[in-house]
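Listed next as structure tokens is one chain, alone, in the form predicted alone.
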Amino acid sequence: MSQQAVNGVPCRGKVLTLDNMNPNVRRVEYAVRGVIVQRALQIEKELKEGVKKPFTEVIKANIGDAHAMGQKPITFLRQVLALCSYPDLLEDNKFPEDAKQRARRILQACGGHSIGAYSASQGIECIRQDVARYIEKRDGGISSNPDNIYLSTGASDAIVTMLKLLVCGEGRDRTGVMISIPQYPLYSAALADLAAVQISYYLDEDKCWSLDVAELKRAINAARQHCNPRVLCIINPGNPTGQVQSRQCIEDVIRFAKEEHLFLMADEVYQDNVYAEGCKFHSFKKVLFEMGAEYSSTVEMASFHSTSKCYMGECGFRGGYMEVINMDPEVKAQLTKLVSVRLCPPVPGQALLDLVVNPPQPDEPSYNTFMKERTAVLAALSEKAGLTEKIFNTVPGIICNPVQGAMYTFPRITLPQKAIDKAKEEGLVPDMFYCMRLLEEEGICLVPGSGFGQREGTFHFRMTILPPTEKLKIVLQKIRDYHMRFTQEFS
């Protein structure tokens, strides 16, 4: 680099450049907030500045952000958080007594009785006790120990922390982590950052994105040639694919993990989002313990939940937890050390999590309103899941599996060869080209399937089903019209 002198002082280049920065960070990609979203934000600015477009607003259907899409917060959750944030309101008679009791209990557990104080690194103890009770109730009485619960900054933070503990080795001994394709890009991004080896196993689109153990075996055997497979990650209900795993499938996965000596990571943040007839959420922990001591005393597992999804949709509070099972006590001490470096998860997020795992009970004043709001949110999502599948499947060239759970659809799109050639010419992946055009022409922001991984030669997009029903109908209609137009233009 030339060192031009300015006033006799030699100018050197930047200390930190693309060439000398951490190469792992450069390899990280995160499609959910990638190039297309940056363009969507630019277009929003242009609209504000009065630039004429064929639409008046950008509809961001790229991310599962319920409140940004107009979902109303659950009253009870916000009442208690308001009381915790501003305890003077405890004197106000507008707030129901059960909300005040919850707030007092949480504040009592905080340093200086303020949610502005740090908490213990693993999370506030009485909240971890409530999480353990919630898990026990959910799993039909299988015991849960608060010492195995770690509160976290959303589920993402706990997932990355767990991966950090698991990754080691060099070259062919480097840790391999099995993730589903299509996958949620948090996983591929974290693995790139940690320089771990991604082992892709494909979900079966023709069988409603189901997971097949034969495919897990194929993937692990191929990977053994170049890494040391140690971890299996499962997302259930699925993101971006919206499938809900059957109990049989979960048993098969647990058997596979035991046979192959793998650490299981069960991402269960959509556990309340199950819509399809005949589908039911089974937690990995419950199935593990019902399979008997041969499994429940040996298979090492971490499972994750969050306040960001389900009926709450409280993404901004960054609340979540992880439960670890059968972890070596010495490793657990290292995990506790690792989380302590970050001081603690956000305390308002911990408070919110407490209300999710300890909601109003039938004999409490807030119960009826809470249940009414919760039921309404989940019923609307269920209706929108059915609507999305139905409308997409009327479009020639779009095939959409049933949205059994979670809050996304991942339809397959057929693109004409001319469009694929045009995309290559512009240096874009074909489904990115398709989604970019949709954004420019209709103001709808989706994420191309290539951002999640997909089988070679297939194209998809991920769309959230969160917009209000009337707006969702418009979005689906616009995508329908656009797809027909696009296909015609490039035929």
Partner chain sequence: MNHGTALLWKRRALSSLSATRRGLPKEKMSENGVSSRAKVLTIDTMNPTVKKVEYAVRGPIVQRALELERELSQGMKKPFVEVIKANIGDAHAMGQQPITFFRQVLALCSYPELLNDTTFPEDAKSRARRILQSCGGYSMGSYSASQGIESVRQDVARYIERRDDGVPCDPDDIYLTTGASDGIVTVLKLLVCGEGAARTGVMISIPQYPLYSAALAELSAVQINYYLNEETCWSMDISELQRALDEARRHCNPRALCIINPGNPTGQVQSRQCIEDVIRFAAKERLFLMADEVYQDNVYADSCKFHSFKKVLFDMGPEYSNTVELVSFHSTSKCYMGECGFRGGYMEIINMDDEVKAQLTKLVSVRLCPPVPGQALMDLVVNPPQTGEPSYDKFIKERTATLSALAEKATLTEQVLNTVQGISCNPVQGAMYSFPRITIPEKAIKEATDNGQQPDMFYCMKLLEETGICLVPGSGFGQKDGTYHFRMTILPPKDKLTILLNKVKEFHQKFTQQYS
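The shown structure was predicted, so the numbers you read here are calculated from the model rather than taken from an experiment. Numbering follows the first chain given and starts at 1.
A second form of this protein, the form predicted in complex with its partner chain, is not displayed here; the remarks below concern that form.
Visitor: Any chance S85 has a heavy atom within 4.5 Å of its partner chain in the predicted bound form?
Guide: S85: yes, in contact with its partner chain in the predicted bound form.
Visitor: With a 4.5 Å heavy atom cut-off, would you call V341 a contact of its partner chain in the predicted bound form?
Guide: V341: yes, in contact with its partner chain in the predicted bound form.
Visitor: Contact with its partner chain in the predicted bound form for F317, defined as at least one heavy atom pair within 4.5 Å: yes or no?
Guide: F317: contacts its partner chain in the predicted bound form.
Visitor: I'd like to know if G176 sits close to its partner chain in the predicted bound form, meaning any non-hydrogen atom pair within 4.5 angstroms.
Guide: Flag for G176 set to no.
Visitor: At 4.5 Å by heavy atoms, is each residue in A214, E290 and Q454 next to its partner chain in the predicted bound form?
Guide: Negative, none of the three is within 4.5 Å.
Visitor: Look at the stretches 341 to 349, 380 to 388, 281 to 289, 397 to 405 and give the one with heavy atoms within 4.5 Å of its partner chain in the predicted bound form.
Guide: Looking at the partner contacts, the answer comes out as 341 to 349.
Visitor: Find the only residue in I124, A103, V244, I115 having a heavy atom within 4.5 Å of its partner chain in the predicted bound form.
Guide: Contact residue from the list: I115.
Visitor: Here the chain is shown alone; which of L90, A376, V331, A195 has a heavy atom within 4.5 Å of its partner chain in the predicted bound form?
Guide: Comparing distances to its partner chain in the predicted bound form, the residue within 4.5 Å is V331.
Visitor: Which residues, if any, of 222 to 236 lie within 4.5 Å of its partner chain in the predicted bound form when only heavy atoms count?
Guide: Heavy-atom contacts within 4.5 Å come from R224, Q225, H226, C227, N228, P229, R230.
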